[in-house]
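Taking the form predicted alone, here's one chain by itself in structure tokens.
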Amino acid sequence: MVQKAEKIWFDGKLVPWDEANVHVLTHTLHYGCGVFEGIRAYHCTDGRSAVYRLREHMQRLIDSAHILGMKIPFSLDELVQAVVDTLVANKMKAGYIRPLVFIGDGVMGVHPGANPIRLAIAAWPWGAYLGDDALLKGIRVKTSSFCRLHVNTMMTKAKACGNYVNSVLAKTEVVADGYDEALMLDTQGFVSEASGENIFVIKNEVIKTTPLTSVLPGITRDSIMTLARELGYEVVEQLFTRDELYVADEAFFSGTAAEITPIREVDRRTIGAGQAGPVTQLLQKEYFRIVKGENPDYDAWLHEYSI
């Protein structure tokens, strides 16, 4: 369950959590045309609080809305400040942040007409998305029968609400079969991503990830690629198949919520040693050093705020 906070930023104002409501005829509720972000704020080792890559996340929110033809009535700077205001109002030194842009009520029917574009930002405490053990021991994954969306079916570069029906179907399917997460293939049969995470495989210390075809351009994905190259690893963006994943030395998912989560099994095949491998462990260690403010080389990725 989401842990209730005191305030939600809603259309430019901080309102009590229980009053951040919409009408049942809200257009996005019926037709799914909305966009959102997932962002984390961390309580750093030295006592600072910082939102990780905040401006990049809010720019992606703006870009996603633009792709869907939605004009956000706030600037990038205003959105960045709204996130900070939400965290401060809730006295949160760390937490998960969920901005949501949606089309409000007015006309009904597929075309939204002049219905207002509305924006809410909520924040709450949230630990490891797939469980604390997952970060250490890895997770069990199953290939879903649902393919990732084709680029001419939906706008795959937008973090759009409606796109995630595809993800919900895949995740629900594999969880019902006893697995932790879904692996999704693209419409050609190549590995795409998970229900809400990008994927990396490692073979002979070469790190490979799906190119930006049908997958969302993950900000954590970009962070890991940058970090891995700085650590001296070769990083390749290249299509790969399920069987290549099966014989990988290591594999992991990445995302704001999932952070770096090792994959220990796919479709009942053990991946590598069946636990987080040495490259994954190193990337985890260095990634958490960055988000916790322990690596000054990456301080530009931290948007500090004070409670």
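Only a predicted model underlies this, so the values are computations on that prediction, with no experimental measurement involved. Numbering starts at 1 and follows the sequence shown.
Absent from the display: the form predicted in complex with a small molecule. The rest refers to it.
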Partner absent here, but in the predicted bound form, which of 63-71, 24-32, 255-263, 241-249 has residues with a heavy atom within 4.5 Å of the small molecule? 255-263
For the spot marked by Tyr164, Glu193 and Ile219, is every residue within 4.5 Å of the small molecule in the predicted bound form through some heavy atom? yes
Residue (of Phe146, Tyr96, Tyr233, Tyr179) lying close to the small molecule in the predicted bound form, criterion heavy atoms within 4.5 Å: Tyr96
Does His57 reach the small molecule in the predicted bound form, with heavy atoms at most 4.5 Å apart? yes
Taking any heavy atom pair closer than or equal to 4.5 Å as contact, tell me whether Thr209 reaches the small molecule in the predicted bound form. no
Is there a heavy atom of Thr86 no more than 4.5 Å from a heavy atom of the small molecule in the predicted bound form? no
Contact between Gly272 and the small molecule in the predicted bound form at 4.5 Å, heavy atoms? no
